[in-house]
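Single chain ahead, written as structure tokens, the form predicted on its own.
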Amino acid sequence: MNSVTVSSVMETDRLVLREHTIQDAQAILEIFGDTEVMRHFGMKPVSSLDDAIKMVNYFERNRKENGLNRWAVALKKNRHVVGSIFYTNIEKPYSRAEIGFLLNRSYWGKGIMHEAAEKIISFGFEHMSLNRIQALVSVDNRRSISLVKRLGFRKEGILREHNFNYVENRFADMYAFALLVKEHGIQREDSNTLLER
């Protein structure tokens, strides 16, 4: 499994998925600085443009060290960045990774993250040779629970007090969801054989 992507830019009907750049700092501040967006994410909201710039620089360092595994979600019509989607906890020996995503609250309920996630999930299975994609979702994050279910993820259990909610200053239980390559419906040469390690 290779965490370095074949292409840094992908497109859907409405979106462009690409690397984050320093020009995204204001959009990052709007997303990662919104208390409601960050409520279930497990980190404190950023509070300044400087913090947002540091975050983009962190994304860049991670890309150089580990390959591109995070994409800005930009609207095709105006290139405005409205979200971020990524793989984390990539475990090459086990062909698995965890998916995460954040979306500007102004764009909730428009199917944008569903569209982005479908593309990134297909990319993970087809080009990163993932066998399993996990999603850990706070038990009271109804929107994300609905999203991963619509994407075909199955709920496998609950992780008690697995995350810390910095907005509410408490530990939070998380649902563990997962989607397997054989459930996704793609055909891949290595789907029935042991992947190269």
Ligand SMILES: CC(C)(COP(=O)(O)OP(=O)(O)OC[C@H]1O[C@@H](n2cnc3c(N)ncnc32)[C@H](O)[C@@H]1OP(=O)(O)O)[C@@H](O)C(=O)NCCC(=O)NCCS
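Since the structure is predicted, the reported quantities are computational estimates derived from the model, not experimental observations. A residue's number is simply how far along the shown sequence it sits, counting from 1.
The following text describes the form predicted in complex with this ligand, which does not appear among the structures shown.
*Asks:* Is there a heavy atom of residue 114 no more than 4.5 Å from a heavy atom of this ligand in the predicted complex?
*Replies:* Residue 114: yes, in contact with this ligand in the predicted complex.
*Asks:* Is residue 14 near this ligand? Define near as a heavy atom within 4.5 Å, in the predicted complex.
*Replies:* Contact with this ligand, yes.
*Asks:* May I ask you to check whether residue 141 falls inside a 4.5 Å heavy atom distance of this ligand in the predicted complex?
*Replies:* Flag for residue 141 set to yes.
*Asks:* Quick one: does residue 72 come within 4.5 Å of this ligand in the predicted complex, counting heavy atoms only?
*Replies:* Because no heavy atom of residue 72 falls inside 4.5 Å of this ligand in the predicted complex, the answer is no.
*Asks:* Taking this ligand in the predicted complex as the reference, which of 172, 55, 147, 167 has a non-hydrogen atom within 4.5 Å?
*Replies:* The residue in contact is 147.
*Asks:* I need to confirm a contact call. Of 103, 81, 121, 97, which residue comes within 4.5 Å of this ligand in the predicted complex, counting heavy atoms only?
*Replies:* Flagged contact: 103.
*Asks:* Would this ligand in the predicted complex be within 4.5 angstroms of a non-hydrogen atom of every residue among 41, 107 and 110?
*Replies:* Yes, all three are in contact.
*Asks:* So if I measure heavy atom distances to this ligand in the predicted complex, which of the stretches 47-55, 125-133, 33-41, 153-161 falls within 4.5 Å?
*Replies:* That would be stretch 33-41.
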